[in-house]
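Below sits a lone chain in structure tokens, taken as the form predicted alone.
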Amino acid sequence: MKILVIGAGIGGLTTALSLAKAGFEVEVYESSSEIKALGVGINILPHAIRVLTDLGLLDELLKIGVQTSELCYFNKFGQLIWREPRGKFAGYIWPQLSVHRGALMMILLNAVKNAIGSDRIHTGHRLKKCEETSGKVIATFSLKGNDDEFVEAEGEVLIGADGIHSAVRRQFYPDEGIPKFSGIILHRGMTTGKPFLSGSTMIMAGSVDQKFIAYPISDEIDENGDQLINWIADLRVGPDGNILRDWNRTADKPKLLSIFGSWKFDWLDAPGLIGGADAIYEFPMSDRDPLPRWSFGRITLLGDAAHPMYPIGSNGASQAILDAEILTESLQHADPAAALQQYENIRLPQTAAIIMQNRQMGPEQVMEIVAERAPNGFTDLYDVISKDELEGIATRYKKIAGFEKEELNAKAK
């Protein structure tokens, strides 16, 4: 069976690799003229690391990232709200990894090249339309730089893994419009700085309107005792729809420093990280409403094309990786249309629940609750929020997102 994968992001490349290892013939089509090691940091949760491990990538991943040892939430004054171990430090069989997105992409790209051959990865191909006819799927592309030149590709299944602005999704939902803007702008940067807390801790501080996130993405310590730290500064700006058209705008560093200038804690220097970044990019935190269906005969959606969600709980890329596994398993045990429907039946309700939970800020609700109940800080945390309430929020999100420890560990092969 020949399968066309549209999009060479994390979801598309993982899908291509998974399908190829299962014995399918795969062709990948990417609209960009070159697949580059772009981006900043990203977290991959244990349930997704399990999938990547089964694909033979764990050793390479461990070389490029940090095994996250703990996740900590703080208020805007740097007071600890919640701390929990993560990955193997929490008893999972698989680690949680903090890596550079571009480095992860290159590992996936090289693995796909080895599995299907470089000649089956087609860049500069912008999908114009796809249609099913006589048990086949025909995809029509314009070539980068020449919208008047078209080429066609034929397969038995087509997977739309082409991101939040998916051309495949737009074909089936032409009136959906632009993504839904949350009113929050994410400012992303990377800075070489002093290790903080355990040296492998992921932190979040503040509340929904103003939040700072930081975690190391390299174990290497330089001659000055510094390591590479990824950080994100979230700011609510209001529902300005126009900002949706600019997804990688250079941020105003002085303005950001003026807003976060006082966020210098005993354990972390947020303004120091902001000031030390070579480049800071901003883009709108956006998602789309869950769809009623993904699969249309021999065509389906995957990853951000199917379920774009807020980057809450480190779940966006991880859910795309899980999609790849379920899609591959479904195609091995059913005819194409039935397989895609089976995949949808499993994954659509799971991801829809995460989209809606992330709109409520997922496990980060604890920071919002504390900010509302104790806007000026606290003396005793448990006078503000009980331990049971904290644990309940964390446990509930793990179950919704599919990485409750005992259930996940039971999947070890």
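This is a predicted model, so every value here is computed, not measured. Position 1 is the first residue in the sequence shown; the rest follow in order.
Omitted from view is the form predicted together with a small molecule, to which the following refers.
J.: If the criterion is a non-hydrogen atom within 4.5 angstroms, does every one of 8, 162 and 302 touch the small molecule in the predicted complex?
T.: The answer is yes: all three residues contact the partner (heavy atom, 4.5 Å cut-off).
J.: Tell me, please, which stretch of 33 to 41, 383 to 391, 66 to 74, 51 to 59 lies within 4.5 angstroms of the small molecule in the predicted complex when heavy atoms are compared?
T.: Careful reading of the contacts points to 33 to 41.
J.: Any of the heavy atoms of residue 211 lying within 4.5 Å of the small molecule in the predicted complex?
T.: Heavy-atom contact with the small molecule at 4.5 Å: absent for residue 211.
J.: Using a 4.5 angstroms cut-off on non-hydrogen atoms, would residue 86 count as touching the small molecule in the predicted complex?
T.: No, residue 86 sits far enough from the small molecule in the predicted complex that none of its heavy atoms falls within 4.5 Å.
J.: Answer yes if any heavy atom of residue 320 is within 4.5 Å of a heavy atom of the small molecule in the predicted complex; otherwise answer no.
T.: It does: once the small molecule is placed as it appears in the predicted complex, residue 320 has a heavy atom within 4.5 Å of it.
J.: So in the predicted complex, is the small molecule close enough to residue 125 to count as touching (4.5 Å, heavy atoms)?
T.: Residue 125: contacts the small molecule in the predicted complex.
J.: Here the chain is shown alone; which of 326, 81, 167, 277 has a heavy atom within 4.5 Å of the small molecule in the predicted complex?
T.: If I apply the 4.5 Å criterion carefully, the residue I get is 167.
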